[in-house]
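Shown here is one chain on its own, the form predicted alone, set out as structure tokens.
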């Protein structure tokens, strides 16, 4: 296909009188990694949930691989996957059992071999037989990423991919994500609060505030445009400036 892998057009989500996502539009090309940035409550996770089909938009559309998600959900979802440290896998199942369940849900062949490959890639071998509820937060983050890579997704959605990881393990996991994209040309959309992570992994950045995209561009272009040294400085300037404008308007 030509054109973006992911196209979001005027995407909106309302919960009663609260507008969590307000007419958001962006696109991510094949083989690119893009980030949604924003403070807590900015609408990042809600946007990811709509892209994944877990939430129905109040308005707007999501197109994936050129097809409308609402009309072709069951054809598109096998080509996607998602990871979040905040979505628990069943605690009483072992890591191997959890990965087996998800592999079966995706109707994958060679389940045992896929799990062994994930165990090697993400260093899970020491606790494949351990109940998932007995894992540390960092171990659960790695298992969640293994679950997300089981079906070799062409579109990978990541919510805080290095949350709860120590700096050394977080750097190692970022390397896994980089190699996966390089080897498969997968498209990745992630939400993160770690600006160094975003600078390292991402081609494009979309900054959200109060449900809207208020700034976008490559990390380098945004740093240069704002005359800052790091993306974190840019992010703080944008969010604090937008917040001040919102307070002044009230």
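Positions refer to the first chain, counted from 1. Note that this is a predicted model, so its numbers are computed, not measured.
Only in words, not in the display: the form predicted together with a small molecule, which the text now covers.
The partner is not drawn, yet in the predicted bound form one stretch among 215-223, 196-204, 37-45, 62-70 has residues with heavy atoms inside 4.5 Å of the small molecule: 37-45. In terms of contact with the small molecule in the predicted bound form, the residue from 97, 116, 152, 160 that brings a heavy atom within 4.5 Å is 160. Among heavy atoms of residue 239, none comes within 4.5 Å of the small molecule in the predicted bound form.
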